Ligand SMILES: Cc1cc2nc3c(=O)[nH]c(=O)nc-3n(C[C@H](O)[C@H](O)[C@H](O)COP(=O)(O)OP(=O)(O)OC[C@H]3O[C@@H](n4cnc5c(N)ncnc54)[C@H](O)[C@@H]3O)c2cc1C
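Shown next as structure tokens: one chain only, the form predicted on its own.
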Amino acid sequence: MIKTDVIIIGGGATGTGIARDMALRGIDHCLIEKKDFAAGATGACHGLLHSGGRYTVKDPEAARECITENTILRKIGKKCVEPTEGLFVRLPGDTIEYRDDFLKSCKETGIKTKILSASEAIKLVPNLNPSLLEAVKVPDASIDPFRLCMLNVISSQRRGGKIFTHHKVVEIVKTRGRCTGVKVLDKFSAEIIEISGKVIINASGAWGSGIAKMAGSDVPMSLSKGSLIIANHRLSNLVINRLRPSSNGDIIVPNETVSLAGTTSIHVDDPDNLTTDPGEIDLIRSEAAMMLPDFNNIRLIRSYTGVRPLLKAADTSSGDRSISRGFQIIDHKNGMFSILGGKLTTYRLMAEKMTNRVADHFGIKIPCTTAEVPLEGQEDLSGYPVSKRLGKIENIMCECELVSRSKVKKVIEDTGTKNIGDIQHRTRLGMGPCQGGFCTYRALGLMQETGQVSPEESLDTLKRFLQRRYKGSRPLLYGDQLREEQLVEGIYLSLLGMAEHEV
């Protein structure tokens, strides 16, 4: 049995942020994640570091939290954040009244703004809709959620934190009515491990209700599915938002070599086995093209979807977009705390508040320092833009994202992983325009060469990758994207002999 003081369930931004805060305050802890880091809403988001502008009119408290944390993350996580800045663009049909409310609310919530004429905005982003009326500049930015989680974990590991990825909680152990530990399933070895702890933190996002039920508790959640699309080019160097009340498809975020556009808001009951509906793709594309007309002609390379773990509102008649993006900590009075809601941008604040509660529980007086201490491990990252990697590149394994063979090999050796997704999250291999079509088999070959997987395991891993890749690309298969998919299929089925195996 493994013993610790605090068990954290969930390896997204909130869970890894809590682990970092615990580590910096000297609290013994372990973190459990059933997949890899950022496998839930964290990894399925826009990658947008909010200025708060999106919420300032309807949810000013969330907006204040966003702009405060935006400033902090730019300071402590420079290698995770690309300071793109952002524009809220007003198009024909977008009211001057909302513009005025937006500017007033931004001033009240501390968000710096600058009004730009149409010509000034188009000078910044030449491919904006020429019918643009005006724009408002705000301090939005692009953030890499995978890097963010990894760097938070480094602080934990360097101070003795125990990290279990690919381990699924199958039971909450209770003693005389109190939660005293967990049993987890190692998904690679099928071994059951028992971990005892004095406090359990449920930071599992959309799966929070299920974890709470294991402990005999309940959490008030509303699950909102949001789908996004990825274009194969970087269409803007600034985040583009629509200057209107929050709606579908009104954000475009530059992300390294590609552009992300979304999102939708559809209520769901189950966070697993989600799909992107063709209608969502058409809607997002058409709305994105209203801001950047190039979206009508650009090749879309992937779609994906995630679930927002929102606090359940008493009145849901206005839909999930009316629910606050704030967060809440629930003390179940049985040794478990649940932390619900929030956003990627406010993950550090959420972690601070949660760790404060645990520190109070243990009588620990050490203050939080996560807003001042830079994220550790950034010295090993190239930062932005992607061209910074060129100076150190030798033997490129992923041409789209300029990932070297040595970088992939180091991840394999450091993590001992048998999962391609773990390599993607740590290096960006396969996240560019080809979506892994021309680099995944190289990485698998290296995993086999280093003795990490057998030929049979390598084949099974490749099958799972191809199935996951196809799920994201299938809704977009037409035109050039269909032709590329046929090329990739030909490579795998003929040259690599996958036709002999059921995929």
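Quantities reported herein were computed from a predicted structural model and do not represent experimental measurements. The numbering used is simple: start at 1 and walk along the sequence shown.
Below, we refer to the form predicted together with this ligand, which is not included among the displayed structures.
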task = Pick the stretch from 57-65, 433-441, 472-480, 32-40 whose residues have a heavy atom within 4.5 Å of this ligand in the model of the complex.
result = 32-40
inquiry  = For the three residues 151, 199 and 354, which mark the spot I'm curious about, does each lie within 4.5 Å of this ligand in the model of the complex through at least one heavy atom?
reply    = no
key: 4.5 angstroms heavy atom contact with this ligand in the model of the complex for residue 22   = no
query = Does this ligand come within 4.5 Å of any heavy atom of residue 254 in the model of the complex?
reply = no
ask   = Does any heavy atom of residue 204 come within 4.5 Å of a heavy atom of this ligand in the model of the complex?
value = yes
Contact label in the model of the complex: residue 344 to this ligand, heavy atom within 4.5 Å = yes
query = Of the options 156, 241, 338, 263, which one has a non-hydrogen atom that comes within 4.5 Å of this ligand in the model of the complex?
reply = 263
message = By the heavy atom within 4.5 Å rule, which residue out of 219, 128, 211, 81 makes contact with this ligand in the model of the complex?
response = 211
request  = Would you give me the residues of 161-184 that have any heavy atom within 4.5 Å of this ligand in the model of the complex, in order from first to last?
outcome  = 167, 168, 169
